[in-house]
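Let's start with one chain on its own, the form predicted alone, as structure tokens.
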């Protein structure tokens, strides 16, 4: 650890140095070490904005490895924004199932239809115009503008926050430091390679300046990084203490007819897992309803609780879900759709419902 006077002196040197060299160093590194990804199918500024937008929507809070097969599948089904705009909601949700954060898919379809109907099928070029579209926030707007059109925008995601927080040893706590990071990133923008710069920062954070095991010796900014100079890389970015996630509980129902078909219902269009298919369930609340209370609507049927609970974590809470098997004696009419067990995999089922179905089937 360097002393405070030494660290202050070092920071002055780094600030002067960064104004002329940091961007060139990053781009030179990127030219040699960039990732080959399916949405990087042309030079920045010459890419299809639909493909850039689709990838960026999918990549929000999701890993590259998880996104690639979904991205390729979507392109095969809906190769243009017009094709997506004309698609049925249920088909989009079915193709999205398992990718998580389902509001992204609903907003994605709204955006595609807006572009097709109100923008003559053409994406706006400027970030401030992209921001006016449904489901597009500051990061996605900046990314599409920079990567598809070489617009003068600097998208800031988690990788960028981490990398620049370490480079400048920024003490502000996340997420309050985001505006500060935005100013730093914008100041580093090159005049003619903003798309490459955006992807270079993403790749540097993903490949080198990783959260727990950064490869500092491979970093083009090692001589300029203030966190590295102070031997405090893992202390950045500064984060506020995490709030404990609450746990909610509920029952899901595996309801079968005599022919073995299973009842699925579609969740409401708004809210968690909106428009997704799944097993009927009780509300997900802090206190679990008793078994007798849960099966009251099925008092004339055979009901049995599966042993154990499935566990699933959403962004804001943990879920513990018990499964109750309900065997109907006749073809009772109920709201929802009846699906043969072999056809369940073709439905738009979120991960939590796939877990619930697997638990019911093995019990």
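Numbering follows the first chain given and starts at 1. Owing to the predicted nature of the structure, the values given are computational and were not obtained by experimental measurement.
Another form exists, predicted together with the DNA; not displayed. Remarks below refer to it.
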Would you mind picking out the stretch of 118 to 126, 203 to 211, 189 to 197, 258 to 266 that comes within 4.5 angstroms of the DNA in the model of the complex, counting non-hydrogen atoms? 203 to 211
How about residue 139: is it within 4.5 Å of the DNA in the model of the complex, going by heavy atoms? yes
May I ask you to check whether residue 230 falls inside a 4.5 Å heavy atom distance of the DNA in the model of the complex? no
Distance check, residue 327 to the DNA in the model of the complex, heavy atom within 4.5 Å: no
Looking in the model of the complex, any heavy atom of residue 60 within 4.5 Å of the DNA? yes
Could you check which residue among 149, 71, 102, 251 gets a heavy atom within 4.5 Å of the DNA in the model of the complex? 102
Residues 26, 170 and 218 all lining the DNA in the model of the complex, heavy atom within 4.5 Å: no
Just to make sure I understand: among 157 to 182, which residues lie within 4.5 Å of the DNA in the model of the complex, judging by heavy atoms? 157, 158, 159, 162, 176
